[in-house]
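Have a look below at one chain only, the form predicted alone, in structure tokens format.
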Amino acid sequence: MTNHSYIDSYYHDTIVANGPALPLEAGVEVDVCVIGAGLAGLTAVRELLQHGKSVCLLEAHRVGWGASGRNGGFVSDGYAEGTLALEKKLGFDHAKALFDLSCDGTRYVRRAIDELDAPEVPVQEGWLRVLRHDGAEEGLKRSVERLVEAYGASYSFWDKERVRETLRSERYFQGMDDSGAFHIHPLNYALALADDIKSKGGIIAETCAAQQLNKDGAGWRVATSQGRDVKAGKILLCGSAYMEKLYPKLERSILPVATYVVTSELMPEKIETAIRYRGCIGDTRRAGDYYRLVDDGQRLLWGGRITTRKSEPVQLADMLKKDIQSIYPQLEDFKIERAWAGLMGYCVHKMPIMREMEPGIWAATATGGHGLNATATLGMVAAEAMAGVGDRYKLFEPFEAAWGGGAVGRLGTQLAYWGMQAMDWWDEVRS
């Protein structure tokens, strides 16, 4: 029997009141059926309702059960593929339009939190990205200058002294501060979106997996695990790495990549000796760590390491604890209270998939590694495209749902990650 409960995590420990899953009613017929109640799917449903469409959202488990309710909670402009790398591939105008669109996504999250007065979703400003090796100062300065001047980014360069005054670690050198970024409680944000959807007449069916998509006249019929079908004019796929055997053409393009997160015990005095920054923190390595302070700065939430294996390592807590202590030895020994894994959907081109796969079936997915702004960006763009009121989805046309290589692709991704770790290590040794 499938276990639909939320995993044990810091987010589940601090979840807002959440009612029982309601079954899918018989005879549901809507304009759009959205599959996957992560943040992209929830945003799309909310926006489709705003455009006057009737919508049913199907979720195999619970709202925010997957990566949307397990991640680091970072919200910032841009994508996993760097903005300047996109400029080289696509030209300035296209890269600038994509960056501006990502900024819309960041603003959407902040605005939604304010509009909904979302309970237990505190917003903490800033994101400091730091170098783990010396010798790259001039390159970082040039990148910051270009992004500020040409793209209007809210970035500033920090020298080594300022970084180490804020983050008490000899492993860090220069940094880039993003004053427009922020972090949130992603699971409670997802639940706030879901409550808003229900209040506006949207249908959310949890523990109700989509099992088959069948053409039905001019529209589609979705068979579900509850034995009831949903009839819809159009379908939006937002299942990311958790979608299996439903739409193989899309699933083959998404690599499931796991990342790990832990939270410490309450230890405000120890944290004060090491971390004096309340925003998001991450390093610029190819395979870097990301972390933030929660509970008013009294607890550390730390994420890192990636793998293409879906099982959770037995010594997960010890692995990440050693990573933390290697950066901040002054923390000494401390207790890890929660440790969990999340499965991201990732594409080889390092960009999301936002496109019509065939007439009536759309995809807004593979937002792993982009930060939560991408979920809002794709949700907005998918809704306006499916409602016929916008065509910004065309900005993502270069990023096709190309085959990710299957098991070979996952092995290649894992080998690439190990290779990135080796290059990161060598950069640090040389510095």
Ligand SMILES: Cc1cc2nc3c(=O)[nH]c(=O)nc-3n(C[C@H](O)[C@H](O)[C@H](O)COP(=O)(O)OP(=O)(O)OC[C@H]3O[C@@H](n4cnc5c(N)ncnc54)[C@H](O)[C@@H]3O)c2cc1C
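We number the residues from 1 along the sequence you see. What you see is a predicted model; the values in this text were computed from it and never measured.
What comes next is about the form predicted together with this ligand, which is not displayed.
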{"item": "Partner proximity in the predicted bound form: residue 74 to this ligand, non-hydrogen atom cutoff 4.5 Å", "value": "yes"}
{"item": "Non-hydrogen atom contact residue 316 with this ligand in the predicted bound form at 4.5 angstroms", "value": "no"}
{"item": "is_contact(residue 61, this ligand) in the predicted bound form, heavy atom dist at most 4.5 Å", "value": "yes"}
{"item": "This ligand contact in the predicted bound form: residue 259, any heavy atom under 4.5 Å", "value": "yes"}
{"item": "Residue stretch of 89-97, 228-236, 338-346, 143-151 approaching this ligand in the predicted bound form, non-hydrogen atom distance within 4.5 Å", "value": "338-346"}
{"item": "Of 372, 44, 363, 33, the one that lies within 4.5 Å of this ligand in the predicted bound form (heavy atoms)", "value": "372"}
{"item": "Sole residue of 67, 56, 48, 381 within 4.5 Å of this ligand in the predicted bound form, by heavy atom", "value": "67"}
{"item": "Within 233-250, the residues that have a heavy atom no more than 4.5 Å from this ligand in the predicted bound form", "value": "238, 239, 240, 242, 243, 246"}
